[in-house]
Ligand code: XUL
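Shown here is one chain on its own, the form predicted on its own, set out as structure tokens.
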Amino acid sequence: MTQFYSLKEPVKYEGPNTTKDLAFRWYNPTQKVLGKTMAEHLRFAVCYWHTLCWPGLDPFGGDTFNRQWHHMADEMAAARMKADIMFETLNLLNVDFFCFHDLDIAPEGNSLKEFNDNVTAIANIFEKKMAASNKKLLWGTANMFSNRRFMAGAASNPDPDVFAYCAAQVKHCLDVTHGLGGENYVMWGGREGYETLINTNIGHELDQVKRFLSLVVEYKHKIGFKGPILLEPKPQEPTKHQYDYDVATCYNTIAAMGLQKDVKLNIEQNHAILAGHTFEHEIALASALGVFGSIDLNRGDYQSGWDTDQFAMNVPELTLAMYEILKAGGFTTGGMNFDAKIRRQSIDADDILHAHVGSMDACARALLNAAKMVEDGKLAKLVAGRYSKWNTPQNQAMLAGQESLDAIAARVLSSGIEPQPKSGRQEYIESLINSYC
């Protein structure tokens, strides 16, 4: 068993007044909040790709982390080492779940068959480690964006051979996810979009995307996979226009196919910002549409138009997101996956632990704040008050389609209705939210 970190014992909850560098100040996994433990509410997961696969490069410079497994000639030996370190990470952080792309955990080799064999071999290692440590797989997904063959997309690729290759790759990754007891399977878009309209048939590509999603849902039922298929809204990156741009765009695809029961959404803060929304907006909309599934937790840079994937540390912002999650009923199969990477100057192994601990504490504080908002009920009462007139029988009938347009118009004209605007009280509400934080 490889030991990567200097820490030998798991990080523990020691309370807000601790002076220890690596300790939870707010995240107490067994503490009850609104009838569930923090661990049950938050369902944290460590992601494989940024945590173990990203070498610290950027468009202007190469590897800064210099991890041993990035430079090993024997790629399967490197994959086995990463498996050891993933479970070391989970144990030290006391995190129950992890997530991966197939390419994160095993090398591609020289053919899809060799790739599948490699993925299966590492999955067999996972199975033993999961049984020994009681760790679980939140979700798996296939990397169909890194290899040159996917430069024009995966399911949306103009070449049907790429479409078929993707079908074979997803089938195997879904099989592996199912075999490991994964609670969800993610269809992460990657390059599902276009660079320029002048060489693109949008209608054809959208038909391809829909058919691919149908194939996956059909196969999920065939093998008895119980978890949802998760789409991840993702704008502008890496292609100029993504077909899975935001929650509303993804929902249109899901609803057009009648797949709302099988397909939910995996929402990310950084992607919400790039789409011109807020994190809480995307969560609230997914909840309202009945497709809220899971969270990829990170933080975007508001000065950068790129997916910076920083660890989420903004407690007031997280509070608003957590409030929407609680209003949605919380997670079922989903959770909070740290789709975040340490900065390329944070080159020490223990920086990974500090990043996760800090973000877990921020989420715990946000959960406590949001729970106060729920228990207090002032905000919910204010919002309900704005819509209270809809509760009258006449207005309920109007919303339910029991009045025609001309009947409504005649009623207004005969009664002399003159709407009187009421204050939205935005500044008071913002101050109220600050009082919880």
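Sequential numbering from 1, following the sequence displayed. All figures in this text were calculated on a predicted structure; none of them were measured in a lab.
The form predicted together with this ligand is left out here; the points below concern that form.
- In the model of the complex, this ligand lies within 4.5 Å of some heavy atom of His101.
- The closest non-hydrogen atom of Trp49 lies within 4.5 Å of this ligand in the model of the complex.
- For Tyr165, no non-hydrogen atom is located within 4.5 Å of this ligand in the model of the complex, even though that partner is not displayed.
- Among heavy atoms of Trp139, some come within 4.5 Å of this ligand in the model of the complex.
- The stretch from 139-147, 320-328, 211-219, 89-97 that comes within 4.5 Å of this ligand in the model of the complex, counting heavy atoms only, is 139-147.
- Interface residue among Asp361, Glu232, Asp175, Glu280 relative to this ligand in the model of the complex, by the heavy atom within 4.5 Å criterion: Glu232.
- This chain is drawn without this ligand; in the model of the complex, the residue among Glu192, Asp246, Glu183, Asp339 with a heavy atom within 4.5 Å of it is Asp339.
- Residues of 59-85 are not found to place any heavy atom within 4.5 Å of this ligand in the model of the complex.
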